[in-house]
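The data below hold one chain only, encoded as structure tokens and taken in the form predicted alone.
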């Protein structure tokens, strides 16, 4: 036993040495860093680095769970909060803001944020409330071999997507060459949001929670979504992003509008379908109706610091997270995400997201009642997609369902 312990100690010495170096680089003297996060690999990259800030006087622990959204408000309401850091995104920050559970970060940005870019600072009313470190969006994944064989240029607009789908069908290659995440619920609502943003549509009256989607832009979006389904597998209302990946890599569809965060599994040369991965083309989300805005909302992921923690824990938490999102970390994991971190050298696999951003993609609306609108869209558009009601009636149903939820939540009288 003594020999085994001695051997183990020798083996652990290099790890302890490296850990001590990392803790010294973090520069944190004391504090408790407690992180609540979604359980996705890209966030894990940052958290694994932040853990290196642990020392005899600095405690770092993390909870990665897919249930993070349902527990974050209650966990940060307790005083002191269970977590000092909440990993948040475009749609998970607003509930914390509405409940007054995050603290301004400008003091820490000034002291420790010299490497932050201005577009990483998420500001509300002039105050920095979160730090973004990765971007995400949907964009086109296409079978380059099929398009090339038919002499078709990669589509840039939805009309070109439909034209390409028609040509693929008429050539007898695929009966249903298109796929999109239209599963009834969140995904279906998300597709409406993507397209409506590209038309410059406004979801609410300015300065109000009153809905404004029952209009010509809303009808145009629904008509496009319906037209797309003619070239999609008949079970389109059940398709999630994971289903798109399987259909695409199984060779059953040729053009999909997929999340950039899933690009690696589509391009993996050692993955499920290397022959398809090799020929896959990436392009920005298509535009719609003669407009030049890509039809895909821009999303970000980042972190915020809890209000109900000590100043010592808040500062330690900010510094640990900054250590976790160094440029060296991003470049050691270039394919893990489309990093917003200064000094990140983006690989080709990130081009779909970056080109969508650079082409003028609009951010997903970040207000406390957008989640209710998204839920109403997801629940009320199914009848239209199944041909059971008009576009105008579907949009009226969405607004009615939204108003009911908004009144219950106190956003509308």
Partner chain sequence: MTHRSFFSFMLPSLLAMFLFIVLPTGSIVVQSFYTEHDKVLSLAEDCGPFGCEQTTHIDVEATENLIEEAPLGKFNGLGTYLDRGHLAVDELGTIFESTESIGETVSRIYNLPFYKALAFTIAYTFLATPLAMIVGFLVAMAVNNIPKKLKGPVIFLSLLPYIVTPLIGSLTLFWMINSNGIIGATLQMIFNDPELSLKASPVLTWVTLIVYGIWHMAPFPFVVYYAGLQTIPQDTLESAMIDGASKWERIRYVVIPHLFPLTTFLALVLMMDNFRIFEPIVGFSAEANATSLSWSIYNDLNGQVDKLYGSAASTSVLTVICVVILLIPVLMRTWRNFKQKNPDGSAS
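Positions refer to the first chain, counted from 1. No experiment lies behind these values; they were computed from the predicted model shown.
Absent from the display: the form predicted together with its partner chain. The rest refers to it.
By the criterion of a heavy atom within 4.5 Å, residue 400 is counted among the residues contacting its partner chain in the predicted complex. Interface residue remark: residue 52 is not counted as part of the site for its partner chain in the predicted complex, having no heavy atom within 4.5 Å.
Residue contact check for residue 180: none of its heavy atoms lie within 4.5 Å of its partner chain in the predicted complex. By the criterion of a heavy atom within 4.5 Å, residue 352 is excluded from the residues contacting its partner chain in the predicted complex. Every residue in the set 234, 252 and 298 has a non-hydrogen atom no more than 4.5 Å from its partner chain in the predicted complex.
Figure note: of the listed segments 172-180, 143-151, 270-278, 283-291, the one touching its partner chain in the predicted complex, with heavy atoms no more than 4.5 Å away, is 172-180. Only one of 329, 199, 228, 340 lies close to its partner chain in the predicted complex, with a heavy atom inside 4.5 Å, and it is 340.
The listed set 132, 164, 213, 116 contains one residue whose heavy atoms approach its partner chain in the predicted complex to within 4.5 Å, identified as 132. In the predicted complex, its partner chain lies within 4.5 angstroms of at least one heavy atom of each of the following residues of 91-112: 91, 92, 95, 97, 98, 99, 100, in sequence order.
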